[in-house]
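The chain below stands alone, shown as structure tokens; this is the form predicted alone.
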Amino acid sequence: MKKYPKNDLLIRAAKREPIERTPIWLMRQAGRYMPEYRELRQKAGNFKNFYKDPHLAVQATLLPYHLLGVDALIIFSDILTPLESIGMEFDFKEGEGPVFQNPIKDEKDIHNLKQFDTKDISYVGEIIKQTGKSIDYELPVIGFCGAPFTLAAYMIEGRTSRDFKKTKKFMYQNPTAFKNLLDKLSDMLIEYLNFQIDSGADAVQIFDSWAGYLTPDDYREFALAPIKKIITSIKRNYQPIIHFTKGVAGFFDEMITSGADVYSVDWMIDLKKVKQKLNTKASAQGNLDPIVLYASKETIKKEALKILQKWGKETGHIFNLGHGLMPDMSVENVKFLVDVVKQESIR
């Protein structure tokens, strides 16, 4: 039977319960900036083999536990993982990221998508289970998914984009078909996140990486509505839901109606403003600019303290970056940030 994590700081902060210090974990905390990660990646041969191999993926997930001393572990996986089950074919090309062999071009392609089956991603459940067991349930294990709009954008563009022209063109020219795609993705993600929680995830994060390219009206209609549907349909006990949208400053008021327990924000919005807007109704996560980690330790400490001071000593804040760690960052600087937050946020 699944055990509750011994260090439950993240869960308490998410639920605005008393905490003795601010919890910290980092997006992409297991990544190429770690030599140990690069060794595992080499063993796997390619990125897809890496996240589909529970033995290697668990080792990657655990690296921040051993090397950084973070307060939560996010499973080593990818937001595109469940898309293979519904018939989307893609590979990861070095220096390019994901490239789809069969991008969505019209309504027929949406109609032809297969039914999602959790058996196709059983390895994700294994990674969650084995991570918890490996550390004797010391820390919360975070599961995650990409948001419907972000996944739809990858499926239509066929790769990462600078302007999401194909996606937005499709959205404006075929709004009914586009909403049908979002609906199919929402149903898939409800099943996927429920599967992760059933497998032992202590929290789940929804990543909406590309919704910041929308207008506030389009954000409400095409990005926020499906996330609300997902959040109301997730079956959980204590597990908090974290909602992350990159580039959210323009429609933060809309984002915080999604029903999540925690709103994760990038560095383009002031944390003091976030706190005022949330007004004790939900918690916040973030929001150090990752580029700060290229600076001196003195600067890293100064910038981290600014964020801690903006939130203050109340509960309800999980320290994180405004986006993920980058491949050429210094492990020493990342560890220094974790130590600073743990020392300086003691209540």
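Residue numbers run from 1 along the displayed sequence. Note that the coordinates shown come from a computational prediction; the quantities given were computed from them, not determined experimentally.
Heads up, the form predicted in complex with another copy of the chain isn't pictured, but that's what we're talking about next.
S.K.: Can you pick the one in 94, 136, 217, 106 that has a heavy atom within 4.5 Å of another copy of the chain in the model of the complex?
M.R.: That would be 217.
S.K.: Would you kindly say which of 270, 120, 89, 183 lies with a heavy atom within 4.5 Å of another copy of the chain in the model of the complex?
M.R.: None of the other options qualify; the answer is 270.
S.K.: Could you tell me which stretch in 260-268, 80-88, 140-148, 187-195 has residues with non-hydrogen atoms within 4.5 Å of another copy of the chain in the model of the complex?
M.R.: Careful reading of the contacts points to 260-268.
S.K.: Can you tell me if residue 168 lies within 4.5 angstroms of another copy of the chain in the model of the complex, counting non-hydrogen atoms only?
M.R.: Answer yes; at least one heavy atom of residue 168 falls within 4.5 Å of another copy of the chain in the model of the complex.
S.K.: Given that another copy of the chain is not shown alongside this chain, does residue 326 nevertheless sit within 4.5 Å of it in the model of the complex, heavy atom to heavy atom?
M.R.: Looking in the model of the complex, residue contacts with another copy of the chain include residue 326, since a heavy atom lies within 4.5 Å.
S.K.: Mark residue 161 yes when one of its heavy atoms lies within 4.5 Å of a heavy atom of another copy of the chain in the model of the complex, and no otherwise.
M.R.: The answer is yes: residue 161 has a heavy atom within 4.5 Å of another copy of the chain.
S.K.: Would you check, heavy atoms only and a 4.5 Å threshold, whether residue 291 touches another copy of the chain in the model of the complex?
M.R.: Yes - in the model of the complex, heavy atoms of residue 291 and another copy of the chain come within 4.5 Å of each other.
S.K.: Do all of 212, 253 and 295 end up near another copy of the chain in the model of the complex, with near meaning a heavy atom within 4.5 Å?
M.R.: Spot residues vs another copy of the chain: full contact, yes.
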